[in-house]
Ligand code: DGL
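Take a look at this single chain in structure tokens; it is the form predicted alone.
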């Protein structure tokens, strides 16, 4: 069993990439929408929330836990690895290095939560690969609007907050909710290049499982258990539609 942890259903963008590589895996996806968004909370509050979910997933016999939330990854993964040294944690991070690797000369906009952008983990990445043409944009409240599925408000938010950045070429999506609205971001910014961490984290999960000789295809059938902390029955329906959309 592999656990996927996110502040809501946004981590479905990560799970979509994981099941391409592990098509017969058993997964528990934990959507902590009752505490969404993480990005506006204190680091101690976020760590306490995430630790409780980790303990639940470990009780469910998960052999690996993927932190599909950029904020949780940036703030919690180092402490979690120290506190749970025998547990495999795979942490997503904003794909800022990918800009350096594939399109380093163009102007870049990093969209993320305040918690992610202020974290030492992200700032170290930023200092290392900054091309001098990067804008860091804390998107307060955006993940929550996407989580609620209110696309009309998403469009209003994007027009108000992105209107001054129509000259950017690269957009780093530093929250797992944001890939769900790529088409809407393009309506405002035009034909930009997107970078997000979902592909990288899925490859790293497979690599680490193999290194540890952990069997990750435990049957010939994909199994996904969805849990939402708010017990909102509409969450599972939206999650499954996003998971299997073409």
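Numbering follows the first chain given and starts at 1. Everything numeric in this text was worked out from a predicted model, so none of it was measured.
What comes next is about the form predicted together with ligand DGL, which does not appear here.
Heavy atoms within 4.5 Å of ligand DGL in the model of the complex are found in one stretch of 190-198, 53-61, 175-183, 205-213, which is 175-183. Taken together, 7, 36 and 143 are fully in contact with ligand DGL in the model of the complex: each brings a heavy atom within 4.5 Å. Using a 4.5 Å cutoff between non-hydrogen atoms, residue 113 counts as a contact of ligand DGL in the model of the complex.
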